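Below sits a lone chain in structure tokens, taken as the form predicted alone.
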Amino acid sequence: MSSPVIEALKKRRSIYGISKENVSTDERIQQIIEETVKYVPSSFNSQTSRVVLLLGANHDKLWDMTKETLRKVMNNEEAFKNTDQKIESFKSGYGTVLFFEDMDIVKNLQDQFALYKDNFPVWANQTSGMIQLIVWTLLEQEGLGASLQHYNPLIDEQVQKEWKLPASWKLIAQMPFGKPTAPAGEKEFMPIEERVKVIK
């Protein structure tokens, strides 16, 4: 099967080797994020997702902050060497997309619709996942490599404080991106018959 959407999904990969050279424009990256956030569906049209785009010194600051937080947690310089290299590879990129969910909206929905109370956090995460995938795929189409990282909740408080974000915004994931400097590794696939069943 071939379609523009499927072809785009096939090309989207985790790219860890990235540089600060921009192959798009800040305005185009912003447009990708804004349109994705606007048009991705959410349960009850709750629109719980929030996104922060960090560029320039703010991007660097995020990864410096993350590195120092991890250094304190690991408390072992020898063991920290690999982590240090990994964080520096993210910092070497052009920018980072931060994905959040506004938990105040989630809580309000839980209060209004008690029958679905346990579902609203799950549905919010599903919306965030859709946004992450679409942003990731569209960045790839712009010629930018990206990967998805999860250093939350270790860095949540610092991120919130540094960029003066509402306390209700829960950090879900971080996506460093930049011009690819190395290809993605090989990817193995399970037999699709084990993952998809057709019942007629």
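From 1 onward, residues are counted along the sequence shown. Being a predicted model, the structure only gives us computed values, none of them experimental.
Not on display, but discussed next: the form predicted together with a further copy of the same chain.
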> Check Lys10, Asn58 and Asn125: does every one of them have a heavy atom within 4.5 Å of a further copy of the same chain in the predicted bound form?
Replying inline: yes
> Quick one: is Met65 in contact with a further copy of the same chain in the predicted bound form, heavy atoms, 4.5 Å cut-off?
Replying inline: no
> Taking heavy atoms and a 4.5 Å cut-off, does Lys161 contact a further copy of the same chain in the predicted bound form?
Replying inline: no
> Within a 4.5 Å heavy atom cut-off, is Ser147 in contact with a further copy of the same chain in the predicted bound form?
Replying inline: no
> Is there a heavy atom of Ile155 lying 4.5 Å or less from a heavy atom of a further copy of the same chain in the predicted bound form?
Replying inline: no
> If you look in the predicted bound form, which residues in 174-200 sit within 4.5 Å of a further copy of the same chain (heavy atoms)?
Replying inline: Lys187, Glu188, Phe189, Met190, Ile192, Glu194, Arg195, Val196, Lys197, Val198, Ile199, Lys200
